[in-house]
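Presented below, as structure tokens, is a lone chain in the form predicted alone.
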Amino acid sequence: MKHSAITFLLTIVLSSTASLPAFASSANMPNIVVILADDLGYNDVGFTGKTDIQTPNIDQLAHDGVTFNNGYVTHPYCGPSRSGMLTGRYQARFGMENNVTYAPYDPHMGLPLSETLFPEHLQKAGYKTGIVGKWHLGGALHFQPQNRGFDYFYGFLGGGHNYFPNDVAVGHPDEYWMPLVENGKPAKFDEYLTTALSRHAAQFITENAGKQPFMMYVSYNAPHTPLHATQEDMEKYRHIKDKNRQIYAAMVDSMDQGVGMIVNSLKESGEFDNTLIFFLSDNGGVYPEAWLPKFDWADNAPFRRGKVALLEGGVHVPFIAHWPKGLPQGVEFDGLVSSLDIAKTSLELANIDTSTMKLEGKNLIPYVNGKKKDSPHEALFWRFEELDHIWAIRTETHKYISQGFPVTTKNGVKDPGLEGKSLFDMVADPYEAKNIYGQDVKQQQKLAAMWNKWNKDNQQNVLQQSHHYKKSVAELYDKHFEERKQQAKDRKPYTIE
């Protein structure tokens, strides 16, 4: 009997152990927190610039972690940049080079289902995954976060949102006014939006700490328009005379306070030391292009231009990695780093085999820890097919670029040195001040060959910009209504007896 009982108990233990998720035997796998700002100017946080905006929490992460001096995103504006980061693949590979329009009835308007987001791989490996904030990758049910690898979602599905609860209206045609969502249901929203997002992110961490590894994607819409800030935060910046700049500064400040809330939740739950935190922006801060002449409140110094441009101001972003248990402190890293690297780094730290995945990032850990001495990337690539022939390639030494659309300065004067193609020496001229196109033909040919090789595997862009898409849909509705009216007109009258 004793032998039978022991055998029975062993059978239960062994079968239970076999059913445990992979993370049970991998206690050292770190938590992952990705904090993404929206339209943040390069010079508008303390660790990258000389700014009067207070960002002590973000700056502390930089001070105690790794600052990537050459950190880039894959696109100069929101949706495509986010899709590149979350898939770990250049968005040109799957034809997503425009923003996704919020269109919940359109089964095609979203990040293609052919692509697997890296949180889904983490989810399958035993991570609890969550997102708070901006989605912007599709409103139809099959595109929504809960069907793309996230266990938890609090935020909004469109490309932006108003910041105050009073600016919400059920049935409003503008997605910025729609109620927030929590796991597919209308969500409580009773405070300034950035604070609400930060609070829900901190709560997710607290609720999941100690149970299993977790991945939290904090997708702020700050400091993206509309320019909304609390009076309390604006009081700190009374010295800023430009009203838009004052509000923007308060919005960045609020986001930094939110980062502090998230860090505190990690510390209080005992998870801080074993959590890898990435902080970056989805693109550069706004710049007054010809079609948005008054968007001048962000500061991308020392770089030229900003959001929408492929010059450094549009794609070179503040970028931090912080992980007390696994990364050195107070290090500045100069190699080429991309938002693509977040996926690869996270998955390999979770002991996930990435050999069959078509990831294009690199695991940054051995580079930062000095085991690998070269740059993570030989070259980074951009393509912007909304307009004709806008492209760029950046190596450690040079950048070859065709900006492709009219360029102006803040006072409306033509931005010099960008007519047609440009070549910049990024060692001697990291701020792209002197165009040396035509002076080093061999370098241009080399970079062109690299870009052409990369571009061979890309798809043509399949998405319309929002204003074109909405115009097309409106015309379709009008056509449908005219057909219905004609159908009604063609009906023969009848009588009954």
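Predicted, not measured: the structure shown is a model, and the values here were computed from it. Just count from 1 along the sequence shown to find any residue number.
Missing here is the form predicted in complex with a further copy of the same chain; even so, the following discussion is about that form.
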| query | Counting only heavy atoms and a 4.5 Å cutoff, which of 172-180, 237-245, 335-343, 69-77 contacts a further copy of the same chain in the predicted complex? | reply | 172-180
| said: If we define contact as a non-hydrogen atom of the residue within 4.5 angstroms of the partner, is Y469 a contact of a further copy of the same chain in the predicted complex? | reply: yes
| query | P186 near a further copy of the same chain in the predicted complex, any heavy atom under 4.5 Å? | reply | yes
| 4.5 Å heavy atom contact, N166 and a further copy of the same chain in the predicted complex | yes
| message | Whether D273 contacts a further copy of the same chain in the predicted complex should be assessed with a 4.5 Å heavy atom distance threshold; does it? | response | no
| request: Just give me the residues of 467-497, first to last, that have a heavy atom within 4.5 Å of a further copy of the same chain in the predicted complex. | output: Y469, S472, V473, L476, Y477, D478, K479, H480, F481, R484, K485, A488, R491, K492, P493, Y494, T495, I496, E497
